[in-house]
Ligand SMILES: Cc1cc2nc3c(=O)[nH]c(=O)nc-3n(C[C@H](O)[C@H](O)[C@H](O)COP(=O)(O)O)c2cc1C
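Next comes just one chain, in C-alpha cells: the form predicted on its own.
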Amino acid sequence: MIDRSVTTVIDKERCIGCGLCVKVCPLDTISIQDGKAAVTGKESLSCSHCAAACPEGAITVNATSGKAMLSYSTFKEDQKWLKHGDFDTSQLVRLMRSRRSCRNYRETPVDRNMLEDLVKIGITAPSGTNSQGWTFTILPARGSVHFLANQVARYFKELNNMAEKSHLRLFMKLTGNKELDFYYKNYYERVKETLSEWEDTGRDRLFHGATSAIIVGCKPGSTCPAEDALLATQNILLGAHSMGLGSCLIGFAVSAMQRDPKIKLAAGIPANERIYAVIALGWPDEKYFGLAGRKPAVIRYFDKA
C-alpha cells in the first residue's frame, strides 16, 4: 500500500494566492479558498511540486522536507532551479557518451561519502506515482565485493551442473521451458571458463576487480519498480563518471540474485525486495581517446490525425 498521507502545510501569511501550486499538483491536494492556497485534498503524492512552484516559499511538504538525503558530502550543490532549455545539451550528451563500462580498476578504495552521495544522486530520479520504493545496498570495500562474487559464482556453478545434463535440458524443453537450453547454448562455456579462472587464479571477470558496488532494488508496493530502479541506476552511472569513478552494470549478479534468494539474504537484503541492478564501482585503470558509436536504432512514428 503506497502512503498517500497529506503532509503539506501552507503559511497563510506568506501565500499570495497566485495559484501556481494548484496548477502543478497532480492529485488536486491544494485548491484556492478565499483567495489563498489551502490543503483540501485527502491524498498527496508528496512530490513537492507545490513547494518548488511557490514564489514566496509558503509551502512545506513535511514528508520530503528533510535535508539529509539531499545534502552532499563530496561536492557543493547549486540549488537554483535550472529552467527548461537552460543547459548545454552538447555537454550533457558528451557526459552520456563518455561514460563507458569500466572493466579495469585500481586497488584504491572509494570513500564512503562518495558512495553515499551517489545514492543521493540516484534518488533524484523520477519514480512511478512518486512511490520512491527503491533500496540501495552499498558494498563499500573489496572484501564485500569479493564475498558477493563468491555467492554469485556458487549459483552459476550449480546452474552449469544442471545445464550439462542433456536429458534435463530436453525434458524442460518438452515441457515448454526453454530457458536452460538457451543458457547452455549462449552462456555455459563462457561461465565455465570464468568460474575456472576465479577458482584457479582468482581472476575476477564478474566484478573486474572493482573495490565497491551498489545493489539497487525496490520494496514491494511500488507502481513501476523496475523502471524506478533503473532510472536511479542511470543517475548513479552518470554521477560516478562525473566524480572520476568507473562503473559497470553486472547483469550476471542481478540474474543470480533474482533467482537465488539466499544470495540476497547473505548480503543483508530482505527477501521481499527485488534486485534490478548491481553496479560495480571503483577508480578506473583505463582511459579512452574518443567516443564510441551505437548500432542503428529502430525509430518509428505513429502519426494519427
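In this text, residue numbers run from 1 along the sequence as written. What you see is a predicted model; the values in this text were computed from it and never measured.
One more form of this protein should be noted, the form predicted in complex with this ligand, which is absent from this view; the next part is about it.
S.K.: Could you check which residue among Lys120, His208, Arg142, Arg169 gets a heavy atom within 4.5 Å of this ligand in the model of the complex?
M.R.: Of the candidates Lys120, His208, Arg142, Arg169, His208 is the one lying within 4.5 Å of this ligand in the model of the complex.
S.K.: Just to be sure I understand the contacts: of Arg103, Arg154, Lys219, Arg203, which is the one whose heavy atoms reach within 4.5 angstroms of this ligand in the model of the complex?
M.R.: Contact check passes for Arg103.
S.K.: Tell me which of 92 to 100, 175 to 183, 68 to 76, 142 to 150 has residues with heavy atoms within 4.5 angstroms of this ligand in the model of the complex?
M.R.: In the other structure, the partner sits against 92 to 100.
S.K.: Quick check on Gly251: any heavy atom within 4.5 Å of this ligand in the model of the complex?
M.R.: Output for Gly251 is yes: heavy atoms within 4.5 Å of this ligand.
S.K.: Does this ligand get within 4.5 angstroms of any non-hydrogen atom of Arg294 in the model of the complex?
M.R.: Because a heavy atom of Arg294 falls inside 4.5 Å of this ligand in the model of the complex, the answer is yes.
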